[in-house]
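Here we start with a single chain on its own, the form predicted alone, put down as structure tokens.
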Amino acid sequence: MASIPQDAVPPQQGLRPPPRAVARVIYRHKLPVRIMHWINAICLLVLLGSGLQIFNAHPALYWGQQSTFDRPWLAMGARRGADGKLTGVTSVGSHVFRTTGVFGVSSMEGRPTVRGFPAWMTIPGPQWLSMGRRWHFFFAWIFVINGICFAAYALVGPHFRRDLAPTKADWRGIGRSIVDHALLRHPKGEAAARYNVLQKLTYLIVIFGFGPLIVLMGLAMSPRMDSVLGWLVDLVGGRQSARSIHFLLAWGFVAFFLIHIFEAVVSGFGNELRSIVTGRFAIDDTERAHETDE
């Protein structure tokens, strides 16, 4: 009897078939969360641009109560060389860096201009201090009201307890979460439907830490608040210290924003964007479907 070729032998029964890709759409973000998210995004963008407009009026930062003009811890300015050309200079403590084209000196209308941050980063215009202050204070109030609304919504409703508060399981898995983030490994299936522990901690720090603190430092910078927040000004070491902390917290928000966008891009930007616009989020149910098939 003729032998059967080895490659003609039917596959053995019991072998697992390859998993089939299955996506399940869930409702991830409720409407109030989405609305307040986008209000915050707009406010932070305008607050940063108008804040840099205000900063450019005196691009230097100090510690203490008064401006010690000869000892700023951060300063942006310009030096004119022997050839008459301007060189942008940024000093951080005792370290001095040439930053022409970015900080200190940047191009405006085709010619070098002395200014802290470049014109394209400032709102509402390249040199408009009074209007920059108006924009900054107006959107600061919207930011505060929106933050109070979010805190009330989160704490009174289930959002804080269900989505933001870390659980015991979260704390036990924090090491694994750090490694996964470092290796750009993102959760799949049911795990993708909820925030991981690093997301929860970051949101808590930014929303309930950075947010209130940057508002308080902004108020502490105003001489009109001495009678109300004089204790806070003394606590942080003076009005110039409050201005420095306000500036650092603003760039903390920028760092959070950049990391936030990066994570959204590497984990599936279209899906993440849809979830914060429509609330709908697709999760990969491949393994779940495979287990059901078995």
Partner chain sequence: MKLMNRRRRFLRNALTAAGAGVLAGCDRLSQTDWAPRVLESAEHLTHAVQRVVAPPSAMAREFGEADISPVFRPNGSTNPQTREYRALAADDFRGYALRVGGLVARPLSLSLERLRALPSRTQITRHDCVEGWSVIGKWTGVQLSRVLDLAKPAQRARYVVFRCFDVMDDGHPYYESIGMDDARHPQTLLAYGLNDKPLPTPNGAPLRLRVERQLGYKQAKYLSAIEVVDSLAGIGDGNGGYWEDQGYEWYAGI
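This one's a predicted model, so the numbers in the text were calculated from it and none came from an experiment. Positions refer to the first chain, counted from 1.
From this point on, the text means the form predicted together with its partner chain, which you will not see here.
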Exercise. Scan 129, 102, 89, 114 and let me know which has any heavy atom within 4.5 Å of its partner chain in the predicted bound form.
Key: 129
Self-check item: Sole residue of 149, 219, 164, 213 within 4.5 Å of its partner chain in the predicted bound form, by heavy atom
Solution: 219
Quiz item: Taking the shortest heavy atom distance, is residue 58 within 4.5 Å of its partner chain in the predicted bound form?
Solution: yes
Practice problem: Tell me, yes or no, whether residue 240 is in contact with its partner chain in the predicted bound form, where a contact means a heavy atom of each within 4.5 Å. | Solution: yes
Quiz item: For residue 123, is any heavy atom within 4.5 Å of its partner chain in the predicted bound form, or not?
Solution: yes
Quiz item: Can any non-hydrogen atom of residue 223 be found within 4.5 angstroms of its partner chain in the predicted bound form?
Solution: yes
Exercise. Please determine, with the chain shown alone, which of 175-183, 139-147, 94-102, 193-201 has non-hydrogen atoms within 4.5 Å of its partner chain in the predicted bound form.
Key: 139-147
Practice problem: May I ask whether 54, 228 and 234 each come within 4.5 Å of its partner chain in the predicted bound form, counting any non-hydrogen atom? | Solution: yes
